[in-house]
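As structure tokens, one chain now follows by itself in the form predicted alone.
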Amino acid sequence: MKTLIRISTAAALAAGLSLGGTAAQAAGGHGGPELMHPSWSFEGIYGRYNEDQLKRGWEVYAQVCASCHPLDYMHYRNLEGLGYTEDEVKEIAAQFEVRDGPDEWGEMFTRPATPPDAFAEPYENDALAKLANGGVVPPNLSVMTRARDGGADYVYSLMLGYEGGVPEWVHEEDPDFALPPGKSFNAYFPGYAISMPEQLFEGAVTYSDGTEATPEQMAKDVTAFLQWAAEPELEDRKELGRYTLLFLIVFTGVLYAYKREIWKDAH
């Protein structure tokens, strides 16, 4: 009975995969525009990650985001899940410095990272992070696409939601709205005033595969990478859900046939 309950629960989760995109299309709940919804390869019950896109997303994160935002739950060895070889991961990790120690003199030191190391932290502590970012600690991005209403759509929209000034529709919504000093306007951020300035400009990243680095391309790639970071097991979970649904369909047919056989002489 417990096994059957677990299977039924898994089936319900699998069925929900095809509905997950609906909530993602809602606006951020603050009266702003509806979230943008590009097509995602990982959507739907048959969705899968695109390795080429994930690699590009890693390059955007490494070249743009990693200087401020940590990925606390990721280790460099996890990059093999993007299709990198073991030697490539070693080369990637060696480009970053991590703190280690204490040494024989009781001192902490830095060294090149290795695959087993967690991703390098951009700041030694929160105090330094606040000092460098206008009093705000940049959030950990490990589960960002799962932690925000709208998921991947929210992150994508946020990256592209900057405007040079406060648009007229905001003043129509709130005549007293004023952008605080040191803040940037973002149409998709709750309250519209965000501490992070715009990051994605034409050519801001050099893609190793030669893809043109437009803001839209970079936003989509890094969002897909962050989705993978939050749910690296997504493909396995969906495959399990499909098999579970198939099993339940067959099992239901068997039970129905069994019921017909038992009760065939009842009337």
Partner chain sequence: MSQAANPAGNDGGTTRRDFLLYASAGLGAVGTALAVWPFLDSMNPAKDVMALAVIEVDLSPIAVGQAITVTWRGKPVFVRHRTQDEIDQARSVSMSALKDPQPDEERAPRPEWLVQIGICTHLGCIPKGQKPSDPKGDYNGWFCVCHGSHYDTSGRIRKGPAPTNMVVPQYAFLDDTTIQIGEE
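These numbers were taken from a predicted model, which means no experiment stands behind them. Positions refer to the first chain, counted from 1.
Separately, the form predicted in complex with the partner chain exists; it is not shown, and the next lines address it.
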Does R77 make contact with the partner chain in the predicted bound form, using a 4.5 Å heavy atom cut-off?
yes
Contact between K90 and the partner chain in the predicted bound form at 4.5 Å, heavy atoms?
yes
Any non-hydrogen atom of G83 within 4.5 angstroms of the partner chain in the predicted bound form:
no
Is P116 near the partner chain? Define near as a heavy atom within 4.5 Å, in the predicted bound form.
yes
Is every one of F251, L255 and I262 in contact with the partner chain in the predicted bound form, taking contact as a heavy atom within 4.5 Å?
yes
